[in-house]
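First, one chain by itself: the form predicted on its own, in structure tokens.
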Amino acid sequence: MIRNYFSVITRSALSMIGTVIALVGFVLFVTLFLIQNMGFRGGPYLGIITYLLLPAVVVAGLTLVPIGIWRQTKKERVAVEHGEPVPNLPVIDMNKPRTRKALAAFGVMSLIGLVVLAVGTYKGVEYMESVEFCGLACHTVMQPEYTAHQRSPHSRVACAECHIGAGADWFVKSKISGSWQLIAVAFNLYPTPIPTPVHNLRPARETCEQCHLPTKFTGDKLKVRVHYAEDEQNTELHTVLMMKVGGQHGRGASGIHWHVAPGVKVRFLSDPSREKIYDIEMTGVDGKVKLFKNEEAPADAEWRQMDCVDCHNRPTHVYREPANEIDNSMDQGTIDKTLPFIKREGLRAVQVEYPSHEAARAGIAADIAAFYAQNYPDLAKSKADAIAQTGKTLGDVYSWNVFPAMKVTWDTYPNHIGHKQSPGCFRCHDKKHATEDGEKITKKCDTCHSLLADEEPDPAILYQMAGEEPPAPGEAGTPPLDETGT
């Protein structure tokens, strides 16, 4: 005899509770889904509630229904065994229109439940891979990385495109890793600051090269860097570099990216931070292997095949040096470069330790205002607005790069491109790594770039490239730069 489980549900408190929970979850899911698809954005937590929490509520409610039926059936069986009267349950008779309608309704509700689960699962996965979820859901932990990402050249590239990429295998790996990250955030188990590098990052050839194909980015690149001296006039200086980017040309490669040539493979032995490199093994195009050794490696050293991110270690989450940030702000006009000693005073102000961004903004603005009030009282009055704007910009500069809650300071995350902020290139190109027969890795500057001007006020090369005559000695000139400074 097939029992009519509808009547069992009505007689089981647990099944009734499950039904109510599932219905409430379903109504809320549909409502929030429609609201968000009409354009409303309520922050990261609304998406978590809609696509992760509510589908789980619906599933939990539906799960309680069969559990309640099972428990009720078990009670009735026990009652029969003890000779206690049990109400007869009706037989499902498909010849009765009422029974057919009930089963049809059950089928429709089941189908709707499946649709909710399917949509919730799809949208939930989509939402968990969004920049909003990655950057804002765990606000304190991810605030440094999210802030840096928003200012980076990859600000329009979603986190998952680089950290996960295409394919099911890395998708599964990321979700397993994310489970522990969720636990760490929930129970405050995460380290401060978050250590780098990311040791389980997907190889760049499977992610970065989806856009940055070695055969498409080749040749040399002219770089013009604008700096300001720390004197009273904030003297504008220019450094001009011809970067030998190189890259793959047919079966060979040249320049900085000579190692992308087919057949070339480079491995290195380093400490876990990859800041100190001990041994380097290079396999050339001809298949010959060379081992360049430095000092003896410690026990925790590990071998790794060189990847793009070993040099481009901050391609998106870039934390800039204070001097460069202030130079850029002066060049863009958000800091008035006519204010005396503003480069020097700005550097001093932003390197003071503060307990929070709010305290930093207030302290830096007050510091800059006090300096001009004390040393240039007339200027403090005539340029009060410019000084206030400068204080605000310096507060921004601090808040973009320093995060007290996560113990992230100016030098926490060095950039390995170049050799100013960290050893960078010189981790390998130090003329200390050598083979047994004495061959050394070069340290010559012109291996990677040609220095055409080095912090000069009016470099002649800029006038020559523009087809203009440089100013006569002693005359002030403005090098012919375009709006991007190149």
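Here the structure is a predicted model, which is why all the values come from computation and not from measurement. Don't overthink the numbering: it's just position in the shown sequence, from 1.
Omitted from view is the form predicted in complex with ligand HEC, to which the following refers.
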{"item": "Contact assignment for ligand HEC in the predicted bound form, among Ser254, Ser399, Gln389, Ser329, heavy atom within 4.5 Å", "value": "Ser254"}
{"item": "Ligand HEC: the contacting residue among Ala360, Ile335, Ala349, Ile277 in the predicted bound form [heavy atom, 4.5 Å]", "value": "Ile277"}
{"item": "Among 457-465, 25-33, 58-66, 438-446, the region lying within 4.5 Å of ligand HEC in the predicted bound form by heavy atom distance", "value": "438-446"}
{"item": "Close approach of Thr196 to ligand HEC in the predicted bound form, 4.5 Å, heavy atom", "value": "yes"}
{"item": "4.5 angstroms heavy atom contact with ligand HEC in the predicted bound form for Asp367", "value": "no"}
{"item": "Tyr354: touches ligand HEC in the predicted bound form, heavy atom cutoff 4.5 angstroms", "value": "no"}
{"item": "Proximity of Ile342 to ligand HEC in the predicted bound form, heavy atoms at 4.5 Å", "value": "no"}
{"item": "Heavy atom contacts to ligand HEC in the predicted bound form at 4.5 Å, residues of 232-261 in sequence order", "value": "Thr239, Leu241, Met243, Val245, Ser254, Gly255, Ile256, His257, Trp258, His259, Val260"}
